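For reference, the chain that follows is the form predicted on its own, supplied as structure tokens.
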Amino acid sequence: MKDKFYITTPIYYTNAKPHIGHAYTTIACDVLARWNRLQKKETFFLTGTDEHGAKIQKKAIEEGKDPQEFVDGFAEIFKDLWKQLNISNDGFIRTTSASHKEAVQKVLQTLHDNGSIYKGSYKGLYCVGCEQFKSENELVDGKCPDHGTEPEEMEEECYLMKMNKWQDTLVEKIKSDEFKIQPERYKKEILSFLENQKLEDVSISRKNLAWGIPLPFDTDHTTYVWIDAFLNYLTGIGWDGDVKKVPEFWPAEVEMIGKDILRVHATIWAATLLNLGLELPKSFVVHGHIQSGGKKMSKSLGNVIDPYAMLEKFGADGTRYLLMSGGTFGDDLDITMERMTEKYNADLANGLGNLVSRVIKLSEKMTNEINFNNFVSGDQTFFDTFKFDIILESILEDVKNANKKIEDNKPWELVKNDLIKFNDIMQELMVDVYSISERLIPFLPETAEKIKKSLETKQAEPLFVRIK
């Protein structure tokens, strides 16, 4: 398929409600999907939920629920949040769907038949929080860096997937950018890992874990949650697991992931595809974590920011703006409600909202017609390099310049004594506002639409109300 754009979020684990990190990733993907649709590309944007594994089984039992009922509830919460954030996903994949499970079993059978999977046993340090084995050098003071817990030493019968034979291939593809990892520092990080540590064959099954997809060739085992989850990137675009019939949208142009899951994606997911003889994604786009007040968000510190609380305070477009302008993509972001409230008021209520209101009010006295159809965006390079904050800063600069043009030219006085100059200045300002609205479409779709409607009707709609 020519001129296509396929983008994915990681699928989100259904053992807890969505948090601000989930919202950040999904909004960033939505911005890219909307931008590519504007470029007339055939776009498919996939998100969804990861619903199997030991953690979910344990949590469901604790709450006295059947695991399916447990994950159904969380899947609906994720769908609701994306609706409220105006996310334009084309697909929502659930790993408990019948079609996904059938495709996963077909893949496992193929891997088994072609010798990529074999029976053995695995001994190692297992982190229940990550649902994966950890090597000693991944631990910090003997603990998992993500969960702060000591992994359990575990040995179990399992099926393993061959990994090591792909090590040189992966290094070569990453170095040449055939398999592109962005931003650059994450490419360097994964190359350093692959060049200095031998890839071990990985366990792809668990024995005596009911909540998972049974291996078709050994029903005492269920699929290890990572393998099951990774395949969503293919099953979510209608793949049935047949390696001879890969969907035309594959490979993905962008798989967006958080930095904590880069390594498993760049090794286990990549090796799975290579073992199947399938193309790797064109790129992984990696973002940092979100902190608050310089610290990792945690309930005990009381600094957790709930996406629903942001929606209630700032609305969908306000939330989208604050997260996308919160810092350099790829870096860790540090946000607090106090700083976001200040930014919302300065940039949106006093800046953009005030500009649109003034221009529309003044435009009521114009006597000439305006043609808005010659706008050309220069943002392509910045979208290609995920510089969302730079684009939004540039739009904000346009807002400031337009407000300055009003102050410098005083159109409310021109209308009384120089109607020609008044019309000229107002035409410039109307085109300025139109250009701003065009550039805002991927980020603030609802606001962009309201601005355009106001320009057409010359009736201002309130955009952003100042928050105390």
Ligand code: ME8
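The first residue of the shown sequence is 1; numbering continues from there. Keep in mind it's a predicted model, so treat the numbers as computed, not measured.
Another form, the form predicted together with the named molecule, is not on view; read the next lines as being about it.
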*Have a look at 386-394, 356-364, 186-194, 283-291 and name the one stretch with heavy atoms inside 4.5 Å of the named molecule in the model of the complex.*
283-291
*Scan Tyr126, Tyr122, Trp226, Phe314 and let me know which has any heavy atom within 4.5 Å of the named molecule in the model of the complex.*
Trp226
*Since exactly one of Ile87, Leu274, Ile257, Ile305 fits, which has a heavy atom within 4.5 Å of the named molecule in the model of the complex?*
Ile257
_Contact test in the model of the complex: Pro445 vs the named molecule, heavy atoms, 4.5 Å_ = no
*Flag Asp50 as yes or no: does it have a non-hydrogen atom within 4.5 angstroms of any non-hydrogen atom of the named molecule in the model of the complex?*
yes
*in the model of the complex, does His19 have a heavy atom within 4.5 Å of the named molecule?*
yes
_Taking the named molecule as it sits in the model of the complex, is Trp239 in contact with it (heavy atom to heavy atom, 4.5 Å or less)?_
no
*Mind listing which residues of 231-249 have a heavy atom within 4.5 Å of the named molecule in the model of the complex?*
Asn232, Tyr233
